[in-house]
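Shown below, as structure tokens, is a lone chain in the form predicted on its own; questions about how it binds or moves come after it.
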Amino acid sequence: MDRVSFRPPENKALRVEVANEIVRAIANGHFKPGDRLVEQHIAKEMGISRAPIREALRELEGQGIVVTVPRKGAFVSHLGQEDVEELFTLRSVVEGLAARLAATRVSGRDLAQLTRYTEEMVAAARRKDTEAFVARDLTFHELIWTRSEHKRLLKVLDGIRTLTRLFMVISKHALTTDEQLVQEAEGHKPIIEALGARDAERAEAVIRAHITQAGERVAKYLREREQKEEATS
């Protein structure tokens, strides 16, 4: 197997960093469905022990990204059309509710933060930094989740956080030009406007449309990628 070049972790949240690195490698095509994820190799490349690798793999298994086969190890799951539809229909509903609740709770400071995140997404798009784009995209949505102040809703969203990140990365790969990525970033502005107007109904509708559009893009990208792989196999 080709060397993936997992990066050394930068902070103490090793499980989270390892999971993010594996997600990055899968989204970038370094690992295909059915490929084995070898704890020892990942630990060596990242310069850490195998314990956080095992923790990360358990988390990824819980979100359906990895499947563990007894006495054989962990393998990348095949995420297809059904997985995309399930995640994005779930996200559209729960994030729509989060936006509805957040519309009456966001502060001026929150709105300024969301605006800054959008500007940073645009800047990342212009310098072709997909990873920075995704990081800010996820942070943007997480702030809205938090302002819902709904504990059980937050647990649901936390349970799909890593899978959401994976599909966010894939979604950005589906945008073939810098300008498309900029447009994707600016697509967050109507969400901010609805929240700023304290319009709960519009905030829910706008973010649901935003997520649905992203889901359609991911499904199309994965479908086309599978067709190309089948044609070359």
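Keep in mind that this is a model prediction, so the values were computed, not measured. One rule holds for the numbers: they count along the sequence shown, beginning at 1.
This next part talks about the form predicted together with the DNA, which is not shown.
Using a 4.5 Å heavy atom cutoff, none of E120, A125 and R136 lies near the DNA in the predicted complex. Contact annotation: of the candidates R15, H210, R217, R24, the single residue with a non-hydrogen atom within 4.5 angstroms of the DNA in the predicted complex is R15. This chain is drawn without the DNA; in the predicted complex, the residue among A51, A205, V67, A197 with a heavy atom within 4.5 Å of it is A51.
For the chain shown alone, L37 is a contact residue for the DNA in the predicted complex, at least one non-hydrogen atom being within 4.5 angstroms.
Taking the partner from elsewhere, R152 is found to have every heavy atom lying beyond 4.5 Å of the DNA in the predicted complex.
Shown alone here, H41 lies within 4.5 Å of the DNA in the predicted complex, counting heavy atoms only. Interface residue remark: G80 is not counted as part of the site for the DNA in the predicted complex, having no heavy atom within 4.5 Å. Note on the interface: of 161-169, 186-194, 27-35, 41-49, the segment with non-hydrogen atoms within 4.5 angstroms of the DNA in the predicted complex is 41-49. Annotation for 52-76: interface residues with the DNA in the predicted complex are P52, R54, R58, P70, R71, K72, G73 [heavy atom within 4.5 Å].
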